[in-house]
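Take a look at this single chain, the form predicted on its own, given in structure tokens.
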């Protein structure tokens, strides 16, 4: 944050940055894994950064959390058991638990302090933490997946930070193979896959790794996220043994919970591949 009260995150290698006007810094700590800072901003509400990178703001987090959860859950024929790797701010957990069919959710976040700080400064995101279907585990998600019983989960959501440090292994071929084994028949994996404009090579690598792990169908969803690098973000889905182009449109239309971004039209549109990526991903 500079002397004028602007928080700036520079996007290395892209020649770009984002700045948010800050009114005050309200929290700063070094956890065993990363530096967690909380700011109040003029127009984006509360802001959390991890190691100086924007993780979540009040104003735009709903887009990310809805797109990380609902497309995969409405594509699965009847999701009951869900694994969330990461997701320490608990916004994705809240969205998953909006689905009545869900019986249990294991959320495995390596840094407990991210969740505890979120409970303090983002209580709305953490409103489902006490749901009896939710089980919070503070452990290594890679190891958890490796040790999971074969076929235990219907959907696995990898709500991770950038592929550096402890999160790097969440983008590896061996991790995808463990996810494949941990998924039941009809199972779906979805993971955040960075900016299509800045990180096309990463998305291409994810597609290759998922194919190598024997997933039958792979699709990347595209959506806006103005506080993340380039303002354009993605999540990549992989199905164990089915096509991802079909989803439960009628159930989306008749859902019994509110969304602010996701609907059946957004689901269809998000699956459209931009022309410059088409040959790379197809």
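Since we're looking at a predicted model, the values are computed, not measured. Residue numbers count along the first chain shown, from 1.
Beyond the structure shown, there is the form predicted in complex with a small molecule, which is absent from this document and is the topic of what follows.
Shown alone here, residue 70 lies farther than 4.5 Å from the small molecule in the predicted bound form, counting heavy atoms only. Within this chain, residue 159 lines the site of the small molecule in the predicted bound form, having a heavy atom no more than 4.5 Å away.
Taking non-hydrogen atoms only, residue 54 approaches the small molecule to within 4.5 angstroms in the predicted bound form.
Interface membership of residue 192, defined by any non-hydrogen atom within 4.5 Å of the small molecule in the predicted bound form, is confirmed. Only one of 253-261, 28-36, 61-69, 237-245 places residue heavy atoms within 4.5 angstroms of the small molecule in the predicted bound form, namely 61-69.
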